[in-house]
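Encoded as structure tokens, the following chain is the form predicted on its own, with no partner shown.
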């Protein structure tokens, strides 16, 4: 067996589900361990590492659907989408699409679980996503209706039906107090806090997931504000974006200029706007 063949076979065996016992005949035993035992060490270590990575990135999803359901979801997802990148950061990149195609893993409220997955993947993107040079207040002194503005690529705009931002913040606080959710020794108080976080009632919220000074934040937006940012991000002119944002808005016409001024001031201060 060539080195390349050995590497391909071992990689496939390491990424096989935990329930699968690979044929380890190509691995030499030693005086302490059999071939199967030697391969099993690496098999388990691979799975422990990728499972821990998913727990770190999606603790809110675990809270929403419960520990056991989350364990089943992780194993099923990773069996279909094993790591294909040099970094664990990308492990959850296909989780939303996979969960939409496998809703039986999403618990009794799939929409709730999907909202949380979207928020938590947006958190990953905001943490280390690329950025562009931000436009400052001086770039917006004389806005032209035909001008086009871009949105920083690390920002995600979410239209959710559950207050998943509040839940994720509470889950993070619980984890800080009691340790990682993947730790088998987590106490009753920790598990109760996670269950309570997952029992929230529907509530429409509009969220921008962004970063500031190397920290990820969730910022609540007005519906019109989110629509305006989304239109700018998608290439609309300033005039077109404003029209889209307010075309079915109940906001009184007299309040629109004040709202626009406040929003653009905030976006500029946060460095959200850039050239398209």
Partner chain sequence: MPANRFNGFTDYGVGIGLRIPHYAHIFERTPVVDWFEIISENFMVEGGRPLATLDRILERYRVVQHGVSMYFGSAEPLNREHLRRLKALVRRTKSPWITDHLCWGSVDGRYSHDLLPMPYTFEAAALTARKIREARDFLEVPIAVENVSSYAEFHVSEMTEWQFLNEVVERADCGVLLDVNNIYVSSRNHSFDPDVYVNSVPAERIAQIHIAGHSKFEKYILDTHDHPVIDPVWSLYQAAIRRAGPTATLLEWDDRIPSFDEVHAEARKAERYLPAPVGAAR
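Since the model is a prediction, treat every value here as computed from it, not as a measurement. Residue numbers count along the first chain shown, from 1. We call the rigid core the largest set of C-alpha positions that still match within 1.5 Å between the two forms.
Here the subject shifts to the form predicted together with its partner chain, a form of this protein not shown in this document.
Undergrad: Picking from 242-250, 65-73, 229-237, 43-51, which part of the chain touches its partner chain in the model of the complex when contact means heavy atoms within 4.5 Å?
TA: In the other structure, the partner sits against 43-51.
Undergrad: Classify residue 14 as contacting or not contacting its partner chain in the model of the complex by the rule of any non-hydrogen atom within 4.5 angstroms, answering yes or no.
TA: Heavy-atom contact with its partner chain at 4.5 Å: present for residue 14.
Undergrad: Would residue 221 count as a contact of its partner chain in the model of the complex, using a 4.5 angstroms cut-off between non-hydrogen atoms?
TA: Answer no; every heavy atom of residue 221 is more than 4.5 Å from its partner chain in the model of the complex.
Undergrad: So in the model of the complex, is its partner chain close enough to residue 10 to count as touching (4.5 Å, heavy atoms)?
TA: Result yes; residue 10 sits at the interface with its partner chain in the model of the complex.
Undergrad: Given that the partner is absent here, does residue 174 sit within 4.5 Å of its partner chain in the model of the complex, heavy atoms only?
TA: No - in the model of the complex, heavy atoms of residue 174 and its partner chain never come within 4.5 Å of each other.
Undergrad: Under the 4.5 Å heavy atom criterion, name the residues of 71-92 that approach its partner chain in the model of the complex, in sequence order.
TA: Residues within 4.5 Å: 82, 83, 84, 85, 86, 87, 88.
Undergrad: Would residue 262 count as moving between this form and the one not shown, using a Cα shift of 2 angstroms or more after superposing the core as the test?
TA: Stays below the 2 Å threshold, so no.
Undergrad: So, does residue 252 move by 2 Å or more at the CA between this form and the one not shown, with the core held fixed?
TA: Comparing the forms between this form and the one not shown, which are aligned on their rigid core, residue 252 does not shift its C-alpha by 2 Å or more.
Undergrad: After the core is overlaid between this form and the one not shown, has the C-alpha of residue 28 moved by 2 angstroms or more?
TA: Shift of 2 Å or more: yes.
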